[in-house]
Ligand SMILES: Nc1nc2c(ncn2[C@@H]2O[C@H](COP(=O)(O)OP(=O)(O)OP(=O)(O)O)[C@@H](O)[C@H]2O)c(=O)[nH]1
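Shown here is one chain on its own, the form predicted on its own, set out as structure tokens.
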Amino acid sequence: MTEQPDTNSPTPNSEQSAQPTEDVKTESKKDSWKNRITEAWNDTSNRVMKLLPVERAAQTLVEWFSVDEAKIAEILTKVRAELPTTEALLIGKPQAGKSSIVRALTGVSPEIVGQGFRPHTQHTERYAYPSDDLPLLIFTDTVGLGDVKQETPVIIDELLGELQQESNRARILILTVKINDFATDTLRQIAEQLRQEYPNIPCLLAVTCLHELYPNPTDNHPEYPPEYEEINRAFTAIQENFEKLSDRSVLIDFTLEEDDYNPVFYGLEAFRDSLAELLPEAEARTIYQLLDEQASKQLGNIYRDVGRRYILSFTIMAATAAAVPLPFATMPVLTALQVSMVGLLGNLYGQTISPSQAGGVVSVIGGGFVAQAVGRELIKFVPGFGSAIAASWAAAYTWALGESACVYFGDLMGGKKPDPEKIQGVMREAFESAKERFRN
């Protein structure tokens, strides 16, 4: 008869095994948690698959890629109403740095900014970023302010008319004044009238063109903020002049690449923080996301550089939409966002395409990810767990789709036939990279 070991008897390693380390306990808890999640997922997915076979789900996804333009327009209208959009009224003289502020916040080139502004009223122009259909930022610029003094009342009336329109968007006034400009009576007159009528709309005073007061010889920006006596004296005088009209004031100097000042957007972080302090939480968070340094690295290629900024905007929207916990409810919205993004990228590369054609491009580029899309939606059945993963996946997928679309349209622009294998390779690589970036 074999003697059964005494489980209560000490063994050579009993003291060590009887006192597990905190790390082992922690790891055990993690394994237990993972096992519970795995069991819940397997049980849920098995039940769901009986109700919704993969073939049917995949077919549904393919149908979504077959774009109904009227349906896309309807979805975009709903999405647009819920976007954390900020309307910024840029009020300042010509050459006071208004378009540079647009460049700094959007990352697009001076040429694109110039083309993006459209006549809005007799004395204003408007630029919606990333697009008119789905704007995260809307800039309204005063044209020719200070050139003809007798037109000031007309400009005031136009701006007041703009603000009188009902809107659920966040609004902010941005006054731009050059550091060495003290002829600001017209600007003060406009600001006084607007603040009197709309005291609840915040106002940021941006004092620009700092390098014009740098002492000689100075060939680059100093550490921020600049500690030059002449700049400090001028800044103090401007602040006092607008003391009762602005809620915050900030020093910035946004130049061009060819000006050889580094950084190009000097004071951008201070400007961003000042802007965020005056905006609601959702809109402030969007500003920070749009200025994400990793996503907006200079690529040396104007089209890809601008394209990535557009892609980032739609990635933010896609992640927000995908966080909705109801399985498959967000897929039409995501498809509409991605179709809109691809259409915008096509226009950037000189390819004017309809929503239906953009949907075809999405289907071709993203077809290999259909199964993952089904899985991403099914995982929402795990309470409190799936939505975060779905949002991360949607962000990564949208980013990768945008990167691949840039390659696709870039080939067409260069007179080449797009290579499906190369594009799918770009898609996979961009997706894996983006998964890490958007994991949280």
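Just count from 1 along the sequence shown to find any residue number. Just so we're clear, the structure is a prediction, and the values are computed from it rather than from any experiment. Note that the rigid core is defined as the largest set of C-alphas that superpose within 1.5 Å between two forms.
Keep in mind that the form predicted in complex with the ligand is not shown, yet the notes after this line are about it.
In the predicted bound form, the one of Ala276, Leu245, Ile156, Val113 near the ligand [non-hydrogen atom within 4.5 angstroms]
The residue in contact is Val113.
Within 4.5 Å, heavy atoms only, which of Pro225, Gly350, Pro94, Pro263 is in contact with the ligand in the predicted bound form? In short, Pro94.
Contact stretch among 96 to 104, 308 to 316, 191 to 199, 355 to 363 - heavy atom within 4.5 Å of the ligand in the predicted bound form
Heavy atoms within 4.5 Å of the ligand in the predicted bound form occur in 96 to 104.
Checklist entry - Any chance Ala73 has a heavy atom within 4.5 Å of the ligand in the predicted bound form? => result Output for Ala73 is no: heavy atoms all beyond 4.5 Å of the ligand.
Report task. Verify the contact flag for Arg272: yes if a non-hydrogen atom of it lies within 4.5 Å of a non-hydrogen atom of the ligand in the predicted bound form, no if not. Result -> It does not: once the ligand is placed as it appears in the predicted bound form, Arg272 has no heavy atom within 4.5 Å of it.
Under a 4.5 Å heavy atom criterion, is Gly161 part of the interface with the ligand in the predicted bound form? No - in the predicted bound form, heavy atoms of Gly161 and the ligand never come within 4.5 Å of each other.
Open item on the list: With the partner left out here, check for me: in the predicted bound form, does some heavy atom of Asp259 sit within 4.5 Å of the ligand?
Closed with: Result yes; Asp259 sits at the interface with the ligand in the predicted bound form.
| field | Members of 200 to 219 lying within 4.5 angstroms of the ligand, judged by heavy atom, in the predicted bound form | value | Those in contact are Thr208, Cys209, His211.
Taking the rigid core as reference, does the Cα of Gln122 move 2 Å or more between the shown form and the other one? Gln122: C-alpha displaced by 2 Å or more between the shown form and the other one.
Might you say whether the CA atoms of Phe117 and Ile174 end up closer or farther apart in the predicted bound form than in this form? Their distance differs by 3 Å or more. Farther is correct, given that in the predicted bound form the C-alpha spacing of Phe117 to Ile174 is increased by at least 3 Å.
- request: Compare the CA separation of Arg118 and Pro199 in the predicted bound form with the one in the displayed structure, and answer closer or farther (the difference is at least 3 Å).
  value: Compared with the shown chain, Arg118-Pro199 is farther in the predicted bound form.
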